[in-house]
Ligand SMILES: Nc1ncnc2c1ncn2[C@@H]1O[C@H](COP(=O)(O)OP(=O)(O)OP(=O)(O)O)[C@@H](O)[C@H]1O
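This document opens with one chain alone, in structure tokens, the form predicted alone.
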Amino acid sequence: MSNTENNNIKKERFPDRGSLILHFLKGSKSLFIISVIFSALTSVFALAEPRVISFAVDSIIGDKEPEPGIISGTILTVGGGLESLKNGLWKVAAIIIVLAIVRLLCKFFFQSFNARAEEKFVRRMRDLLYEHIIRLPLSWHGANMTGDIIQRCTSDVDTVRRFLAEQLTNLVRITVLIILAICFMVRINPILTVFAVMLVPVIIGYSTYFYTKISDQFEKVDTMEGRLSAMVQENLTGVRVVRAFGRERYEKDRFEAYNEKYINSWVKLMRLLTQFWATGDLSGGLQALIIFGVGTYMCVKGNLTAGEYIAFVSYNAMMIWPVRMLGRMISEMGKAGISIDRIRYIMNSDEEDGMRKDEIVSADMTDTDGEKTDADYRKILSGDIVFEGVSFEYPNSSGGSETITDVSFTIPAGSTIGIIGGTGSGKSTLMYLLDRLFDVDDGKGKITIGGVDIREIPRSVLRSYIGIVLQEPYLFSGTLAENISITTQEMVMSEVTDAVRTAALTETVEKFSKGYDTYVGERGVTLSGGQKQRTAIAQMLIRKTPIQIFDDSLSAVDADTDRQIRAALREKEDGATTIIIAHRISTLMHADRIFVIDEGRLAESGTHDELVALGGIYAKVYDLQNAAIEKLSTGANGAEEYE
């Protein structure tokens, strides 16, 4: 397990592999138990067949006196006695056929119940993994590659599924086969049984030896596969960037080089498995050869009858294959163990607190259990927003410097606030803290809304009342209408069109041949940057939250569209507290108050006119942007005059 994984696991919910498997087995455990029972019965009926054949050869065809026992007694009873069986050998054949049919029925029920249990198990495993992953903090996702997470949820899940359904469920059947086969063999001839079992410790010994080597190599292969998946995912996601910069050849060569390392690791693993399987074939063949040689010698000497020899060889074949399978199970256990550990790392990573209380924000909430109602939370979150001496450093920061340092300000309820600052100054971080995507550490200040510390508000509730449009809007595969209404319980077209109108997207939608049914593609790839930003704005506005945050979400739209959106927001007058982060002064100048952030500190605050008069950072930015606009305007006029 990597250092990153060890650092992320704070409190182990599942201290070992068994506890995690048992957690995933809830709901399918009984089906697995039934399948194991039928698997064991399959072995029992399979073991009875050689004994029937031995009895027929020695006592019915031959003249050996029948030995007392369950199988021989049952045959005599069903067949009507020894003389009746001698005159009707077909009865023995019928008994063997019946045993084969019953064995096949048991095998059918084993496979049927096992398949149902397997699918139920893997469904629960995938559901719980996905549910857990989406509740993990943003810092965890930042520390783990998406491709590797996907690989753990697909390839590793499949490895565990195969081991449990194909290997572990056969353990009982294999155990029953080995024990009963040896018992029958000892009863037939103890000396020959010694020759049969003397190679069993050797098989188990080399299986244990290969177990360690295969486990270590499989962990390397599994980790490399996760990195390869991450590489593919990054390139497919950023395909436009790759094309734009002509990096196809570079990315192809990089992928091929890493893929070569991955293949070489797999080849090394296959060599280990080949050595393991070849050693098993050699030991199994040698054991069978010894039995054939010694058994034939005993038959010639009269120490073993023909029927006993046939039965013994059959039981030996039944025993040696399960023993070899037991060895393979040990090697497969190594691979499955690594996969379980990789899944266990995810399941042991701590979720964000307050993310499992979504049910408390329903419209028909009551406070019969002492919980705050929807109206209570809406009232709180419609109050003033206060930052009190807030300092913050990202969890994975290696620089040791704070992104935010001792920031204090108040945002009155219902006001429009502008935030401006240089790249990396901490503007977006302030909003991440407000939305509790990251938490302020104890002793590093606090953030309150309506007088309540936001750490006392469940995250799911807080985020349901804060609408935020991030710097990089993300759209899902689907239609435009589906993306806009994705945050609502059901799509109401009147609300969709109203949000689209406010986001100045109506004219764009009308130009699409399919209108609101236009398919936007993965990550909104079919839309321009400005169209994606306006779609994300509509997506947020449809929620009608009391707090609305625009995190540099107007950067990809032109000045005229920017003006339209701001005007539409002012006209709505829904009492929402609006926070606009931007680099353009024109976007912020009409805000009730503007905060200037510089290197993580609150450098200036005031209205547009106050900040311009102050002659500080804001005034300099304003002068620079005005100068740039005048230069462009002069250039345009000059071009017109020249023409």
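In this text, all values refer to a predicted model and were calculated from it rather than measured experimentally. Sequential numbering from 1, following the sequence displayed.
The protein also exists as the form predicted in complex with the named molecule; that form is not presented, and the subsequent description refers to it.
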Fill in: Contact residue in the model of the complex, from 205, 422, 478, 414 (heavy atom within 4.5 Å of the named molecule)
422
Item to complete: Please pick, from 528, 146, 471, 74, the one residue with any non-hydrogen atom lying within 4.5 angstroms of the named molecule in the model of the complex.
Response: 471
Response to the item:
Of the candidate stretches 425-433, 336-344, 252-260, 314-322, the one with residues having heavy atoms within 4.5 Å of the named molecule in the model of the complex is 425-433
Worksheet item: Can residue 438 be called a contact residue for the named molecule in the model of the complex at 4.5 Å between heavy atoms?
Response: yes
Worksheet entry | Exercise: residue 394 in contact with the named molecule in the model of the complex, heavy atom 4.5 Å | yes
Worksheet entry | Interface membership of residue 590, the named molecule in the model of the complex, 4.5 Å heavy atom rule | no
Worksheet item: Hey, in the model of the complex, does residue 26 get a heavy atom within 4.5 angstroms of the named molecule?
Response: no
